[in-house]
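Given next, in structure tokens, is a single chain: the form predicted on its own.
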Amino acid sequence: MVDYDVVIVGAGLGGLTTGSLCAMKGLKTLVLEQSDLIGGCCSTFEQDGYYFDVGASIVELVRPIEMAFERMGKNLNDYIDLIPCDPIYSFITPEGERFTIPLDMEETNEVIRKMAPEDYESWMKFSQFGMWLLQYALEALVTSDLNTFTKALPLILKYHKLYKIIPYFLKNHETVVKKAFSNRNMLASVSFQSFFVGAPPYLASGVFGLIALSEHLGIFYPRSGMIAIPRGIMLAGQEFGLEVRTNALVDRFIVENRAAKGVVLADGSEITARAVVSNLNGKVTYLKMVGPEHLPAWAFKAVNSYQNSVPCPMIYVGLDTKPHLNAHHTIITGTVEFMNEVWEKYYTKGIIPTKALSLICWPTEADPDLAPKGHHILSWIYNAPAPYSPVGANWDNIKDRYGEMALRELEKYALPDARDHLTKLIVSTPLDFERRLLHPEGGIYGLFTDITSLAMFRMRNRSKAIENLYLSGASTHFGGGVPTSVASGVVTADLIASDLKL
């Protein structure tokens, strides 16, 4: 007799979604989390009355999350209070120009007509086709098993108009947007989203060019912080008997004859299961938890071919006054060429850029209760991307200097007298992420996401190398992000239910 039907390592969004759906199907399910907090990068921590989000800062493409709750016969809104955010973004160019993209599509059309009149007609065509494609294909693509061509073919036959999205997969993000637009501010506003999957515009898949449109379907911030999303999924699962243990570090998987049999915890205790799910980084899953000695040569070679995703230093700020911002997200950006140049000339060479893309998030704009009364919090990705191993430096040694650089940017763009109102300044470096979340090299999206690492080219939700082993989360199709990680859990739970003959 095994201890559990399903044991899941990692209480991130993918792991908790898999666990909740498996519990709903009647499987005895346990989720093990090494930290004292659930959610991974989609979590929230408290310091001195300020509640800061670890990484993820917004929810868009809510449909996959709704679907996960619907699968459980439940209503998302009963578990998570999503606050609508409008406008979507406020942009600040290096020259100090500012423009805002509202949620309403008609209002956005007017902004673009004034800002980039030469691109207005192209925008209208791009947005009309793109919105149709999103609404037609989103549900089918994101929550379907696309691990093999044979799995993808029936989907294409069922949704026969999906062929129209193929060019977006085959081209890079930069090519897709440059074909449509020429105005530099217009291009910047639809190109920076490639970094949402951890790649520059010239490497990210063109399908992510649709993110700028998907946000008009609605963007939200969960009341009580981003941890409200994994907490809501967990609570729904617990109603079906899901067990979640925090502070439970798993040392390795039990593997016999290339089949997963359970897990060994750091304290030496063992838990056996019919199915083992890893919500960890894919390379960690195979190279550490399974171990190279249990992998066939082809699998070892394949796993080694993947790169870890980019790290992401975060700055968390507490203020005793309201910042001079007008949106939940403010983007300090540059041209498409500049974004690519920062990647090539700085990130790949291990140099921390002195100026790059920055995203400032203002959570208390949506939920004032995240800070003491009259206070506000900001969290932002400052001058991204930044390397895990800076040349000639160590993040522990340069943390204070990096925080000072970020503070000067805050003074320049959001709060000129920031030092007079600063109550808290926390710098979380790639090393901090690696130590706290056990993400190798501080990577926040699992594996690097470019054109060659989507769908059947990404790690499979059902392992081909190890029987009874499944993966969920950012290392699987469709990559990192809140809705896609939840969607991965839906796919994995379906595979487990099928394999266990439920």
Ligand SMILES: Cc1cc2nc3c(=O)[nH]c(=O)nc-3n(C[C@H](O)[C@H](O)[C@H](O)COP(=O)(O)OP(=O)(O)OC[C@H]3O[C@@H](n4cnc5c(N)ncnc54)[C@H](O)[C@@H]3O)c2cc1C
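No experiment lies behind these values; they were computed from the predicted model shown. All residue numbers refer to positions in the sequence shown, first residue = 1.
Unshown form predicted in complex with the ligand; subsequent notes refer to it.
task = Select, from the options 418 to 426, 115 to 123, 248 to 256, 403 to 411, the stretch whose residues sit within 4.5 angstroms of the ligand in the predicted bound form by heavy atom distance.
result = Checking each option against the 4.5 Å cut-off leaves 248 to 256.
task = Name the residue from Leu437, Ile466, Leu30, Met67 that puts a heavy atom within 4.5 Å of the ligand in the predicted bound form.
result = Comparing distances to the ligand in the predicted bound form, the residue within 4.5 Å is Leu437.
message = I'd like to know if Ala487 sits close to the ligand in the predicted bound form, meaning any non-hydrogen atom pair within 4.5 angstroms.
response = Contact with the ligand, no.
ask   = With a 4.5 Å heavy atom cut-off, would you call Cys22 a contact of the ligand in the predicted bound form?
value = Although the ligand is absent here, Cys22 would stay clear of it in the predicted bound form, with no heavy atoms inside 4.5 Å.
request  = Report whether the minimum heavy atom distance between Ala56 and the ligand in the predicted bound form is within 4.5 Å.
outcome  = Residue-level check for Ala56: yes, a contact with the ligand.
query = Is there any non-hydrogen atom of Tyr445 lying within 4.5 Å of the ligand in the predicted bound form?
reply = Flag for Tyr445 set to yes.
message = So, a 4.5 angstroms cut-off on heavy atom distances: do all three of Met289, Phe433 and Val482 pass it with respect to the ligand in the predicted bound form?
response = Yes: each residue has a heavy atom within 4.5 Å of the partner.
message = Using a 4.5 Å heavy atom cutoff, which residues in 10 to 39 contact the ligand in the predicted bound form? It's fine if the answer is none.
response = Residues within 4.5 Å: Gly10, Ala11, Gly12, Leu13, Gly14, Gly15, Leu32, Glu33, Gln34, Ser35, Gly39.
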